[in-house]
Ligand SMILES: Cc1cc2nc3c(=O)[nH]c(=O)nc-3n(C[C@H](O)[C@H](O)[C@H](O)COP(=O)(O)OP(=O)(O)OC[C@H]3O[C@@H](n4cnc5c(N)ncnc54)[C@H](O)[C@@H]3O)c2cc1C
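Before any questions on how it binds or moves, here is one chain, the form predicted alone, in structure tokens.
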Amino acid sequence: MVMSSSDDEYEVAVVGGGPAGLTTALYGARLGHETVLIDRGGGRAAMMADTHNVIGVTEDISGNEFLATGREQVQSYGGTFERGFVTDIERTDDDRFRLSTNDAEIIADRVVLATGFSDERPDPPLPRTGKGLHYCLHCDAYMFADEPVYVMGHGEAAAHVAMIMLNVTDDVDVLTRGAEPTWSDETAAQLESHPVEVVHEEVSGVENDPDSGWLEALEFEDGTRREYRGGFAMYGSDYNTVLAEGLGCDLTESGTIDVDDHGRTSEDGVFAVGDITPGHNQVPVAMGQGAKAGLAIHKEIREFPRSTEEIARDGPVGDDEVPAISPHLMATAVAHEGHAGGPREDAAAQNVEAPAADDD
């Protein structure tokens, strides 16, 4: 263990600024806890050309726009945003956490890992990501209703995704790209009973629409050409669990972080949300996980109500102990446009200034 010092200190530190991390940070700040969100940029959500399946967010909003709005919301409630890459997390001697980034150190009472995963990409040549090459079936299948579709891969996932796509189109191919299929005999028999063609030839070229950039067709080494409007690459996922493993968190057999229904890991004080945990890799699911973790953390660290044991030990709560929210977050709350009394520009000067430091 390491000793904590006078580094930047927070009650909640969220690592990863995707939908799950943003939602956790939003709940943390809005529920009155000093919260920092550390994000290196990029990620799966940032790759979205359009946002799908999120109520209230229209298709024309890109992933980057969606995430930028989320960061602005977190900051509007007093949360701190830091652009950086967390290289290490250590538990301190006083049972807190020290987070080391590329240029800073942060101390926090609770850590939330929202580090996600990266899709394994097939070798080129490939269509453009988001304009013919896709990874999320339940996000993007709707886009290809009644259109010719490919599924790249040679394992169980590729075979099953191809059959699932028959729910929206009658023209589906599996492209093994010269690899021997590794799906089971049972899956092979199942696939043979569905109108899916398995193409073994390697892809040799890609044809895109010159104006839109969208995929039009793929060329193969045997000289054939097949028209497709899009497809899915199914080569597995690389889960970003280095920080979790360094903290001793248990992983599942599939490589995700093992969590309970509110994001708690096997290590006290460490939570995990989003694509790094088991479940559907969907933006609304990730947001729900972030909300549940945020609420669970709030219940663990809020000051009140005090337990009967604490009251017996320390006495009743004094008038000078409430409210428990910090001066910084109090000033932000009463000046916020969502405040019940309306935003007050002079909020920071109305009994919410931080007390002066004692002269020692």
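Not measured: the values here are computed from a predicted model. Each residue number is its position in the shown sequence, starting from 1.
This protein has a second form, the form predicted together with the named molecule, left out of what is shown; the following refers to that one.
- Contact with the named molecule in the predicted bound form, defined as a heavy atom within 4.5 Å, holds for exactly one of P278, G84, P122, P181, namely G84.
- Remark: none of the three candidate residues (P148, A158 and V206) comes within 4.5 Å of the named molecule in the predicted bound form, counting heavy atoms only.
- By the criterion of a heavy atom within 4.5 Å, N53 is counted among the residues contacting the named molecule in the predicted bound form.
- V12 falls outside the set of residues with a heavy atom inside 4.5 Å of the named molecule in the predicted bound form.
- I107 falls outside the set of residues with a heavy atom inside 4.5 Å of the named molecule in the predicted bound form.
- Among residues of the shown chain, M165 is not one whose heavy atoms approach the named molecule to within 4.5 Å in the predicted bound form.
- With the partner left out here, the named molecule still marks one of 229 to 237, 262 to 270, 187 to 195, 114 to 122 in the predicted bound form; by a 4.5 Å heavy atom cut-off that stretch is 114 to 122.
- Annotation for 15 to 29: interface residues with the named molecule in the predicted bound form are V15, G16, G17, G18, P19, A20, G21 [heavy atom within 4.5 Å].
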